[in-house]
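Below, in structure tokens: the form predicted alone, a single chain.
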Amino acid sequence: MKLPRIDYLEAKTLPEACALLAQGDVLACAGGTDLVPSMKHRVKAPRAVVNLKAIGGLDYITYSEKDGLRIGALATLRDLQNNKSVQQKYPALVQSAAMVGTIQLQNMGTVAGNLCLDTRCYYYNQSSFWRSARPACYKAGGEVCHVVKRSDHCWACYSGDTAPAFMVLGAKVKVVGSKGERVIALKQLYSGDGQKPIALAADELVAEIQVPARAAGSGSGYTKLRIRKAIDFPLMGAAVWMQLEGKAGVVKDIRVALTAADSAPIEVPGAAKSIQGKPYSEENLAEVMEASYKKARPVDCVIGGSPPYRKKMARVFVKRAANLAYQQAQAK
């Protein structure tokens, strides 16, 4: 399918990019791996796009014990995988980035862009011709949700891979806009509204991702349910961060987050309560798995698995991610 006619704008600095976005009906484009297909399907039809790739110095990835990990907005998913510090200290980030699309898409797609993915729905992510056969849904400006028929809001699903991994690691994002900059917890980037899932103003951009330095005795892992081993968005994804103490491998703390389970990546509240102070084992992890199952709210808006099946898989993939986190934490 061909792209619609749009104006192409190019920014040399972040303030210039924000000023162009403030004009209205303008979208930012970095890797374009999600935006371009959406424009081809007329799912998104902006007046103009502003290319961010011409902004210099935003493709960095740095690590220090004092400042932790810093990732510039234009660093690619492949850059993240290939960084030695990330490989050694944040395996969940490597695992999640490696599961996004294909290597070609990872070479183009940016980390910040992946965090800012739009929600997806079978009834929305189709060609304009396909969508014209039924009333417009909430996400397309209509007054109905084709997934949850009597709902008063959109149930489109957030399906990004890297967000839950960053969330369990305690990540923050630096947001810049026409009025200045602010640093917020990553979870605050998401509104939970399927119709407008990213809680940024029209003139704001994610400029940097910040992750605390790796704590002693900690580890992380990410696992993903999908139909194929490449290309596919997750049907359910789970990230786990764990910290151990003592020779017996007692769990000091644990954090769990899910993707493809709601209209935003979600943390599992109170996950640590049932296992803190206990040795790591599948038996002691059971309540964490159950809490993850209860928190997941998948709906029938994707192809490849029924909501009950995907909800049950939350238990399975949390256990797999926890095993990965435990292995790294043990290795020190």
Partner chain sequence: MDYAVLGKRTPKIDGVAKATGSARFSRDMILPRMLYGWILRSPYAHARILNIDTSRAAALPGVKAVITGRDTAGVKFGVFRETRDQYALPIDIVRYIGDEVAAVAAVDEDAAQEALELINVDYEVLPAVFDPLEAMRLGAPLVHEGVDRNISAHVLIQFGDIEEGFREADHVREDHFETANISHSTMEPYAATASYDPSGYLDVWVPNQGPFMRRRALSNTLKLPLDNVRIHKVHIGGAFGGRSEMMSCEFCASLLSMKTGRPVQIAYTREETFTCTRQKHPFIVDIKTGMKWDGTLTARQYRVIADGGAYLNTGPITISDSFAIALASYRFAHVRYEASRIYTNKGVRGAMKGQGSQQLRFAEDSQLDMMANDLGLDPIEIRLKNAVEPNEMLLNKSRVTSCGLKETIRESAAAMKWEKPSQKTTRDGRGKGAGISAMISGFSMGIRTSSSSFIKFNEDGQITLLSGTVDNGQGNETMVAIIAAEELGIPVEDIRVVNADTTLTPQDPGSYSMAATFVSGNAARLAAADAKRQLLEIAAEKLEANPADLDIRDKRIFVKGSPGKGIGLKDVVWAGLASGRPVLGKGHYQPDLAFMDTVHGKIEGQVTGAYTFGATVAEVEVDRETGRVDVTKVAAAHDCGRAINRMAVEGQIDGSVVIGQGQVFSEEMRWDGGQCLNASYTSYGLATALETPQVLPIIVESDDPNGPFGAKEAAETINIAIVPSLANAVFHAVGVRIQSLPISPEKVLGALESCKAL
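Quantities reported herein were computed from a predicted structural model and do not represent experimental measurements. Residue numbers count along the first chain shown, from 1.
If you look for the form predicted in complex with its partner chain, you will not find it shown, but the lines that follow are about it.
Undergrad: Note which of 216, 248, 231, 184 lies within 4.5 Å of its partner chain in the predicted bound form, where distance is taken over heavy atoms; exactly one does.
TA: For this set of options, the contacting one is 231.
Undergrad: Which pick from 126, 195, 210, 191 sits with a heavy atom within 4.5 Å of its partner chain in the predicted bound form?
TA: Spelling it out, the residue with a heavy atom inside the cut-off is 126.
Undergrad: Is residue 306 near its partner chain? Define near as a heavy atom within 4.5 Å, in the predicted bound form.
TA: Result yes; residue 306 sits at the interface with its partner chain in the predicted bound form.
Undergrad: Even though its partner chain is not shown here, does residue 319 get within 4.5 Å of it in the predicted bound form, heavy atoms only?
TA: Yes, residue 319 lies within 4.5 Å of its partner chain in the predicted bound form.
Undergrad: Within a 4.5 Å heavy atom cut-off, is residue 139 in contact with its partner chain in the predicted bound form?
TA: Close contact is absent here: in the predicted bound form, residue 139 is far from its partner chain, nothing within 4.5 Å, heavy atoms only.
Undergrad: Heavy atom to heavy atom, is residue 227 within 4.5 Å of its partner chain in the predicted bound form?
TA: Contact with its partner chain, yes.
Undergrad: Judged by heavy atoms and a 4.5 Å cut-off, are 13, 179 and 297 together in contact with its partner chain in the predicted bound form?
TA: No, none of 13, 179 and 297 comes within 4.5 Å of its partner chain in the predicted bound form.
Undergrad: Heavy atoms, 4.5 Å, its partner chain in the predicted bound form: which of 171-179, 237-245, 195-203, 126-134 makes the cut? Say which one.
TA: Stretch 126-134 is the one.
Undergrad: Can you name the residues of 37-56 that have a non-hydrogen atom within 4.5 angstroms of its partner chain in the predicted bound form?
TA: Residue within 4.5 Å: 42, and no other.
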